[in-house]
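As a starting point, one isolated chain is supplied in structure tokens, in the form predicted on its own.
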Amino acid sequence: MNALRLLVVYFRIGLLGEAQYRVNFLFQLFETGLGMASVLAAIWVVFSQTDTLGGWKPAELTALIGIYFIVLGSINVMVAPSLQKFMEDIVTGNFDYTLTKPADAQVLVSLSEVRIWRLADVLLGAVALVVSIVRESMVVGWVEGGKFLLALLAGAVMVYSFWIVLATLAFWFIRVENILQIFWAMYTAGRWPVGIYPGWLKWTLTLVVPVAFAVTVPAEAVSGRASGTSLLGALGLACVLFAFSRWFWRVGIRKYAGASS
């Protein structure tokens, strides 16, 4: 409940701050639109030569692109800016002030920065997802909808846990920002189903960087492809990664001696 209250407070602060620069939202909307148009154009080129790609139809791939942008926007609204700020605070010593506050430090650093205008990614991603479902008359009932939400939740938890683990390395290393580029480089591969990649890359995008669970599995769920086994596996792995990230965070906190030491 405290985390929810903090989320509301930080979201309100972020909204007030970003309201001063409303044009940013329009620019982000334009930038996201260009990015989505380029990806959809690539899909059009592919399907001008074939009917399916690894068993995926055009509408299903469009839905996957929508989910890709939804997850991307969700990361950039709060997780990425907050944890990047946390890593900067480690270097400058401002993290000392976070530790003096009564709330949990991990919660505080995870919610400290909000970029409202990055919701443009979420908005256009949702539009692409809905259009693909309606245009191809996909049957999305309660079962498919429930599987989709569970898969999306599991993917979100895994991505957050992965980011926390990378950010926690700042307790030991000064320059961690470059490590985050690993995630972004791998995440761009999520614009396509992980099943089309070679075996080594498929496993990397599944078990090392959880792109498959963040994008491909929710897309499989909404198109009726996801099995109960894959969903249970996603939920189980999400719980394991979250527990590990929490443990690793506590190890890092014990390692941190403060900026004055």
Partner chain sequence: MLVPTFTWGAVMHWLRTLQAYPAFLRISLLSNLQYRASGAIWMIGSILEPVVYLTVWSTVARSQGGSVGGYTPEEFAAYYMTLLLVNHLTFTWVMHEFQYRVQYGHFSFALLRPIHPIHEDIALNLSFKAVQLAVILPALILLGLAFHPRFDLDPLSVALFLPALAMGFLLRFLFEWTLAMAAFWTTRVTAINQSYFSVQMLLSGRVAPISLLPSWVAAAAGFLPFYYASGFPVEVALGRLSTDQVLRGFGIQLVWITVAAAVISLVWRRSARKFTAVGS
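Since we're looking at a predicted model, the values are computed, not measured. Positions refer to the first chain, counted from 1.
Another form, the form predicted together with its partner chain, is not on view; read the next lines as being about it.
Of the stretches 122-130, 157-165, 75-83, 180-188, only 180-188 has residues with a heavy atom within 4.5 Å of its partner chain in the predicted complex. Although the partner is absent from this view, residue 53 contacts its partner chain in the predicted complex, with a non-hydrogen atom inside 4.5 angstroms. Contact annotation for residue 38: at least one heavy atom lies within 4.5 Å of its partner chain in the predicted complex. Residue contact check for residue 49: one or more of its heavy atoms lie within 4.5 Å of its partner chain in the predicted complex. Under a 4.5 angstroms non-hydrogen atom cutoff, its partner chain in the predicted complex has residue 198 among its neighbouring residues.
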